[in-house]
Ligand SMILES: Nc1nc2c(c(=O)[nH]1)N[C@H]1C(S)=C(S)[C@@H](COP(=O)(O)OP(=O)(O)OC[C@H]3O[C@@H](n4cnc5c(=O)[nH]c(N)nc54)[C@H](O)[C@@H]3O)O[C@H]1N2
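Given as structure tokens, the chain that follows is alone and in the form predicted on its own.
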Amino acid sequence: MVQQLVLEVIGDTTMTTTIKKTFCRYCHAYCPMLASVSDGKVTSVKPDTDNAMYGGYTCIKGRQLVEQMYQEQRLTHCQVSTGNGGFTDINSEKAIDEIAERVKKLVEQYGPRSIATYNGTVAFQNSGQLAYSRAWHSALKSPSYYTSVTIDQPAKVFVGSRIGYWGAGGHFFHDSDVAMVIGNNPLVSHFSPPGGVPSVSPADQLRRARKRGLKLIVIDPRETELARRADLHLQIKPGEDAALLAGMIRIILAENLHDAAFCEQFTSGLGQLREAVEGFDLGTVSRRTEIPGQLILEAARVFAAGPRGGAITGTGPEMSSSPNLTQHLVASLNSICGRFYRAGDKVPNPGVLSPPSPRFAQVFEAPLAWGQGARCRVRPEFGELMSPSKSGPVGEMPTSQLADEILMPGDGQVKALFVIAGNPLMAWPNQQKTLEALQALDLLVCIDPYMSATAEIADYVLAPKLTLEREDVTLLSDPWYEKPYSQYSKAVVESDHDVIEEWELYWGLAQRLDLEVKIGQEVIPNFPKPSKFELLQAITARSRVDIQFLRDNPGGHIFEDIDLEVSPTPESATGRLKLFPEGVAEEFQEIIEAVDTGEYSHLLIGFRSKYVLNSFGLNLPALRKKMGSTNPALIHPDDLADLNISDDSEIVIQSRFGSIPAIVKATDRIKRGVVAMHHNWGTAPDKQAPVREVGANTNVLVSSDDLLQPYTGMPRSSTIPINIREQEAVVA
């Protein structure tokens, strides 16, 4: 509903303020908001307390949407490089004309694979971008499609395809008696996979769950906000998550705490898994993880007792040293304990924006996510990550290899890159190689509201519409909600600047290159231009709820009438969850043979800030004031004492691959031997600035060539072995 308020101001002048329902798109949480609009401008945003799903929750990041829209640094016109490090304004249509002409020539000379896209984290917040840009790549026949997922959590996709999928899904948080959260802190990140603490008002969700008796187990080297609320906090040595999970599985199997009937009917490889974990006895696991054996034993028994619940991971273990095995053992742990909805159970959220379909109590064995599509040229053992239901659109290539795909001459070399709402120079592994690659491109186009480090070296920087200037629907989070819920938002205000949406770049190129772009079976017309609503209609075709209803009825909606019961196992069903598929034996052997040479004194881990989404938001004054101007290296005070380093000193952190400066900050909420820093801070390698003013980029310490995960090419961006020394004073 829209309300209009008339406010008296100076003299005879009156000002009409319109209140519009919308939702935040700063991160994946999509918190409902009320936006106040006067004279065509948004004057404030505040929580929508009438929303039954969220209960009036927003975070500090979302409350800066107005400042983000109107701050001086925001780009309000597209930019073209002048060739000397400067930029000048260019009309968006003219910019797309020029870009299309250059793309056409590159395709003619080097082929479609020469054109690449990288979608950064913020690109996921535009409900039209991912679907259309992926379909555009399919129309162009270019597999060079990359996102932040493959340097974040690709093991979830890979392991899911390797072990198989339970048709009815795993237990949701509100149905759980126990939840085990590994390296995830949704009270800060506002993101958790199904089974973890929901991103919808996470603190309130946790409070309610604890009140009804939920047992919470947290595995994390830091005493996080979530860990402080847990029944059991296992303060693990980073990189030993797989060993801990193997030890817990051993306890559960040895004490017959698993769901034997489920395993007998729906799994394979249980005997091999039992044999593989045999070497992970309580003493061995305790020594490796530096967790007391009794605590490990208690955690295994509490989790197995359930009877409902699940274990989930976050970026902590996923960006660590053995994510494939860790994720496999999490899936195995959930499987042997039977943590799935069964025949007769109600599916809490079958999806509002997807077509109706039954859910069966059976296993679906999907094709392996790797090894089917295009291969990397430098490292052909890596290649396209395919969707389990691939039926046309391209998958994703591993981002860790994109710099090499640009730098390596020959057939298939990437010559043009579209960077959508991301900042590769800050986010990709091996910052120096990334810089060289970006500078080597024939064409670099960024869509960014600011002149980021990557945008500063681009040929074109296209100014985008921001959250409150565009229509969107809660498409990304649709399957994650604990109830059937959705919200549509029209544009709160129309921008009076020359700004575009991200998908409009690809539509403009499709039009100029005469490409037939299809989403599902529907061709998206090149003439006339579709509206955003028409695009979203194509993406959500035949969904349970027509988005026309959502658009016509502002505010979030819970659809209690969507009632789906899990159907019995079909007699013809033969699928099994593979507890010991190909590759797992080698992954076990790798962690068994892992040896700490003592060459490095500490392990560096990354963690998220509640004030920024990766690098997005670093330039907002209100947030900067809260978080400070640097990303300090958190370390235990006893470690500082041993190193004879004072708190707030400048240090040098050295890995096998590089070194960075940092400011140390003592905290007793981190495990000894561990250093924690936020990622994506700092500057480009060729820029100089005091670390106290800009922070440091931890990707300097990461390799894109070494310590890569099999199958996924995932770089080891956390649990980095490092040494620390105090920065030597500069003598004038």
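The first residue of the sequence shown is number 1, and the count goes up from there. Since the model is a prediction, treat every value here as computed from it, not as a measurement.
Below, we turn to the form predicted together with the named molecule, even though it does not appear here.
Comment: the named molecule is not present in this chain, but in the predicted complex one of R222, K578, R359, H557 has a heavy atom within 4.5 Å of it, namely R222.
Though the named molecule is absent from this view, in the predicted complex it lies within 4.5 Å of a heavy atom of just one residue from Q487, S320, N324, T117, which is S320. Listed stretches are 121-129, 335-343, 409-417, 284-292; the contact stretch with the named molecule in the predicted complex is 121-129, by a heavy atom cutoff of 4.5 Å.
When the named molecule is considered in the predicted complex, E396 lies well away from it, no heavy atom lying within 4.5 Å.
Within this chain, H28 lines the site of the named molecule in the predicted complex, having a heavy atom no more than 4.5 Å away. Using a 4.5 Å cutoff between non-hydrogen atoms, V702 counts as a contact of the named molecule in the predicted complex.
Looking at E587, you'd find every heavy atom of it more than 4.5 angstroms from the named molecule in the predicted complex. Along 178-193, these residues reach a heavy atom to within 4.5 Å of the named molecule in the predicted complex: I182, G183, N184, N185, P186, V188, S189, F191.
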